[in-house]
Each structure stands twice: as C-alpha cells, then as structure tokens.
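Below you'll find only one chain, the form predicted on its own, shown as structure tokens.
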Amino acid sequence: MPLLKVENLSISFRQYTKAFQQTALIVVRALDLSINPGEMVAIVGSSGSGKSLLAHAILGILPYNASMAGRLYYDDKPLDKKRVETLRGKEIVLVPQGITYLDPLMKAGRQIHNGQRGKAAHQKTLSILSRYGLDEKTAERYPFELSGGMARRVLISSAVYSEPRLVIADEPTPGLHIQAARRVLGHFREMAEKDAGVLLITHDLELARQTCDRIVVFYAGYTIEEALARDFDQVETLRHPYTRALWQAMPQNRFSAEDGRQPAAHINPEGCIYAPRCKDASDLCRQSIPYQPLRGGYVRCIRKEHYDT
C-alpha cells in the first residue's frame, strides 16, 4: 500500500488581465506519483516543471491565489486540508532547499527540538546531531556560526527529530561538492531504511540515480516517465524521448543538449507537450496522450512502441 499517492494533480494560479478580469494560468497538469514506505523516490526535471509546487501541494502550503484539482492520499486516506494541518511537521516534514529557513535568532538545538523542554528532548537532540557528525557544541550555536554543510545537517536533524513517516526534501544539495552531496543524500537513504518514505526533488539526475529507488521525470507540468533508478544505467532502457535526452546530457554520456526549450506555462500545445521538440513526432501526437505502463515503469508517449526495446 503506498504511503503517498497523487492522482491527476493539477495546479493553477489566478491572474488579473486587462480591466481587472481574472484568468487561470495552469502550471501543473496531470501529475501522478506514489511513494511506498521504505522507498526513496526522486522527482527530476528542469526549472518550472512543477517539482516544488508538488511539494507545496502535498504540504498544503500553496499560495493564496492557487487552486488545486486531483486527489491526494496519505496512508490510503484522503489528504485534505484539515488532515494535512495535523500531520505537517510531525508525520510529514519538509527539508527546504535553503539554509535561510533556519531562524537566525535561535540556537540550532532549540530549532531541532522545536522548543521542547526537558532532559529527554536535549539528549535526543544531541543523539541526532551525533548521528550526522555534529558535536554537542553545535546545539548552542546560531545559524551564522555554522558552515553551509553543518546548517544543512541541522535542517535534516530537525526533520528527523519528529520521526516522520514521509520526508519531502526540496533541492537539499545545491552548491555542495559531490562528496558532500552524497553524504547528505545518504542521510535521507538512512531515513528510508527505517521505513520512512522519502520524496527527493532535485535537478541532479546522477545523484538521484545513485541514491534513489525510482525516478519520476517532470516536463512542463506533466509526469512523462517513471522508471527504476537502474533503468538510467543505459539509454536503451528509458522510455520517453525527453528522458533519453536528459540521459545524453549527463557529463559521463555525450553531454549533448536537446534543441529547443521547455514551453512556458501559458503555452499548452494540442496533444503531447513534448511534440514540438521530438524528432519522432507525428500527427498521432496531437491526440490526448495517456500515462501508461511500459516495461516495469510508466510513460506518457503515444509512440511507446519506438522505445519498447
């Protein structure tokens, strides 16, 4: 049974046009995703593809002018606004991408145990810090006294403290060298091994391939492929032409960029969203494209037989 299940999620924003008229700008369309206990799932895609909006939708923290459609389930029950408010920060936690989320006027230890008092809270905080290679002096330091890597581990420690069942890590490794990034993702891997579900939002396809169980690829607000991490070991086992283009753009592969760019949110071509850039596009691609199973994964491509190798 999935811990989290997202079905046909769409997100739009109200915008004002001329004469104070309102229009809806749809930025996320038809997103599907599931995460099982003990599993680490990566969401990859370029900026503007809807990755962080998915995290905000799950946490119930979308902006006031946003509207959401679709279905969210947590532990096989609907994840509505009232329920997510009781779970957020406890069973469901966010590890944000910026260390600026730390309160600059509060010591690290207090931020980890969220102001709880008593010897038990203090000892638990020190134990978690030790797990991530931080000494007890870290608890008495303010964020400006921490290095970037230490601050990120404090953010992770604050998430671990509540013993969550679902962890959402939004770009936790920007600016880190490869060894430090691997250590950070190793901490999330430890959470998954303790039966938590981990949703990793990242631009780094190589790190996702090395640390996650499954990888879901976003493009212009759509889920276009879901694959096992090992499917990224070679291009032939990938299903969608955009995913293959991502693979070819990795440094250890051909490092070649695909022509064109991801369309803006207000541009929604008929049929396949990727067709304007796809070398194999045909008139068939102008019809509605289902998200369908293929070779142990999923793909949104009407010409899936071309990739069924």
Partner chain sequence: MILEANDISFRYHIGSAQILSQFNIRLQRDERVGLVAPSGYGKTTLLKILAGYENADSGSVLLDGRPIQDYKGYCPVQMIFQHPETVLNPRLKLAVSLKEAGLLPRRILDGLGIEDDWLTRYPAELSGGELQRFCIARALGEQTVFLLADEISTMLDLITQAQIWDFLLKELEMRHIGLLAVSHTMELIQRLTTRTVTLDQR
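Residue numbers count along the first chain shown, from 1. Computed from a predicted model, the values in this text were never measured in an experiment.
FYI, the form predicted together with the partner chain isn't displayed, but the following is about it.
Here the chain stands by itself, but in the predicted bound form one stretch of 29-37, 278-286, 65-73, 244-252, 244-252, has heavy atoms within 4.5 Å of the partner chain. This chain lacks the partner; the member of Gly149, Pro143, Pro164, Pro96 within 4.5 angstroms of the partner chain in the predicted bound form by a non-hydrogen atom is Gly149. Distance criterion of 4.5 Å from any heavy atom to the partner chain in the predicted bound form singles out Leu205 from the list Leu205, Leu129, Leu87, Ala121.
Looking at the partner chain in the predicted bound form, residues Arg153, His177 and Asp259 each place a heavy atom within 4.5 Å of it.
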